[in-house]
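Here you get one chain, nothing else, as structure tokens; it is the form predicted alone.
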């Protein structure tokens, strides 16, 4: 978290040394795993004090768990934030934010190019809750100045999935701060390695830690991080502002979200998932260096390939978001790229012809993964929603892994040529 005196250290150093052996029982060099559903107290009064929030301590793992707390502290430190709440998935993290900040009659402003799961949450569940959603092209920053006024929150992705558009978070943060509206940024694809949420200017960040934080596809989780840039005493929601008055602005949102949302919906992270993701977080920087370098090299190769119609990757100079991406993230423009192949038939045959790449809905794994978004993640969404998200019938999404780049280029080259051969002989 802020003020730990270690901000001057490099990202990889901080990631590897967040948890010192002097902070664990018996000098253990890894965080212990607490597989306990409940936690005892030495007296009835002590347990009552914990329930009342007047004494620190754990009650029940549905609410909080020492191992989960360790992961929250680790991630919040890398985001340079006040604190975090770990949830059962990335979608659970988004839901926790919505349920804390929104109520019937409220309005949410959202970028129009969102991940399919988030779009379905907003279009279906928020509507059923009586919350209106206004979608705005995130590249049209000036349009947020009108829309943010009076909204419960503004929600965008720092790097869109799968459109790969890059939002000027700093500019949006200024607009939202002026309007008194919290800016919530899904920074799953950027990760704290590319840009900590506080430096971006976000008020809250959400992450699917299933992806790069875990790194090996072995666990599911999500996080909400309060960056410390919003005064919750000024929040429009009366319960949030009251919580800030009781616990202080620095804890107002987190306290209400944990006590009323995480506890009552049961969407907290499981201890074993937290343990696995604590381990993964230690090598996040090393993996992201390789992910981003591989994605850049593969994108450049595909951009020149005669059988590829177009390639989209923020690190390419041909990307309309290249300038803002490099301004915010430097060379770490993420591990996701997309390519268009002219038809859904060619896209599907290309996927089937790949050898190394895995055909799956996940991303952020050390292994390269591909998917055809139109027939999977976005199949139940309207044509307008698909267009806004940049999803076409011939689009293939690629989550670039950490394999040797020569092997990846060879695999993609062969698959493109084999898929083309199959297409022209039928």
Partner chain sequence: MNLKINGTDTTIDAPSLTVVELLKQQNVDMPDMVSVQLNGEILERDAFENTTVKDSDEVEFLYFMGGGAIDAG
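Numbering follows the first chain given and starts at 1. Keep in mind it's a predicted model, so treat the numbers as computed, not measured.
What follows is about the form predicted in complex with the partner chain, which we do not show.
Exactly one listed residue, out of 83, 160, 314, 215, brings a non-hydrogen atom to within 4.5 Å of the partner chain in the model of the complex: 83.
The partner is absent here, but in the model of the complex a heavy atom of 55, alone among 379, 367, 55, 387, sits within 4.5 Å of the partner chain. Candidate site formed by 17, 28 and 285: none of these residues places a non-hydrogen atom within 4.5 angstroms of the partner chain in the model of the complex. Heavy atoms within 4.5 Å of the partner chain in the model of the complex are found in one stretch of 59-67, 359-367, 396-404, 28-36, which is 59-67. Among residues of the shown chain, residue 258 is one whose heavy atoms approach the partner chain to within 4.5 Å in the model of the complex.
With a 4.5 Å cutoff on heavy atoms, residue 79 does not count as touching the partner chain in the model of the complex; it lies far away. Residue 96 falls outside the set of residues with a heavy atom inside 4.5 Å of the partner chain in the model of the complex. For the chain shown alone, residue 50 is a contact residue for the partner chain in the model of the complex, at least one non-hydrogen atom being within 4.5 angstroms. Along 228-262, residues 233, 245, 246, 247, 248, 249, 250, 251, 254, 255, 258, 259 each place a heavy atom within 4.5 Å of the partner chain in the model of the complex.
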